[in-house]
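Consider the single chain below, provided in structure tokens and representing the form predicted alone.
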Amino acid sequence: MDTKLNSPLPVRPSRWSFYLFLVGLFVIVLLSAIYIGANPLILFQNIDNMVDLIVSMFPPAWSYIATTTPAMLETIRMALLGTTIGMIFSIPIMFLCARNIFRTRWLVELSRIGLNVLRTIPDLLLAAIFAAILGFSPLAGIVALSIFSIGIIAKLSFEAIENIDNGPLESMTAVGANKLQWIAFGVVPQILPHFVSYVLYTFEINIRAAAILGLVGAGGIGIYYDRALGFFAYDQVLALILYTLVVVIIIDLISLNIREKLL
């Protein structure tokens, strides 16, 4: 007898449950806003300041773009190096975190805890810490982005590994393949397109992150953001924002094109 045919159909939640959920969510959001003092009226009360700031941004100081181009190139290099180093170190970690690769429970859990620790620390805080250790230089930003990249790439990749088709792995086990052969010929071909896609995605994120690491002295275009804000030169700030936007859009398009061909 097919037990699936006799199993009861899933019960559709009532509308009252949905309405109660919405009311509960609204109450939680409202209480959170009251607790932290997030009063939207303050935004309207300071609308004049906002208008003055926006007006002072125009026209953008286009000449500032030429001055900051070397720093923008440095930002791209920082993101590229940070992503590459993070990619290399994330490879062993993602295999150690995957339950279908390593059956030793304590090893997998320990690896995941270590990965969670890396993911917990914000990139800006990492940059501030390494700027204090290594000095105010792009090296601090590269190290911070490397650690940040490990957290993203390893997390997404080990979840992809746990969802691969186990058929090839079982066949290789039956013919006596060792663990390295298992990974090289059974796992890597299945996750490689996803892994490359995650690396490109992380590179996009790192471009944005690297743009603000200079605020804590970790090099890149962020130094010019800090300088322009410090002198209230909002026309220069707008020029930098537009410059960063164009760079991010170009890299996004290139990355998206590559990812669409891989997946």
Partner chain sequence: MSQRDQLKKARVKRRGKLALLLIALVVLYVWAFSGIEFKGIQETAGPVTKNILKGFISPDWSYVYSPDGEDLIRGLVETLAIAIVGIVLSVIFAIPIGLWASKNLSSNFLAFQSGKGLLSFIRTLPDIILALLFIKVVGPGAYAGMLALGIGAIGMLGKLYAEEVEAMDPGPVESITAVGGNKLQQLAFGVIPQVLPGFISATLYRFEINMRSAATLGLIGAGGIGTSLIFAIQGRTWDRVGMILIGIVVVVLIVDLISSALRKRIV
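Positions refer to the first chain, counted from 1. None of these values were measured; they are calculated from a predicted model.
Unshown form predicted together with the partner chain; subsequent notes refer to it.
Residue 245 belongs to the set of residues with a heavy atom inside 4.5 Å of the partner chain in the predicted complex. Residue contact check for residue 80: one or more of its heavy atoms lie within 4.5 Å of the partner chain in the predicted complex. The partner chain in the predicted complex is not approached by residue 97, whose heavy atoms all lie more than 4.5 angstroms from it. Using a 4.5 angstroms threshold between heavy atoms, residue 178 stays clear of the partner chain in the predicted complex. Residue heavy atoms within 4.5 Å of the partner chain in the predicted complex occur in exactly one stretch of 128 to 136, 149 to 157, 185 to 193, 162 to 170, and that stretch is 128 to 136. Of all the residues from 39 to 61, those having a non-hydrogen atom no more than 4.5 Å from the partner chain in the predicted complex are 39, 40, 42, 43, 46, 49, 50, 53, 57.
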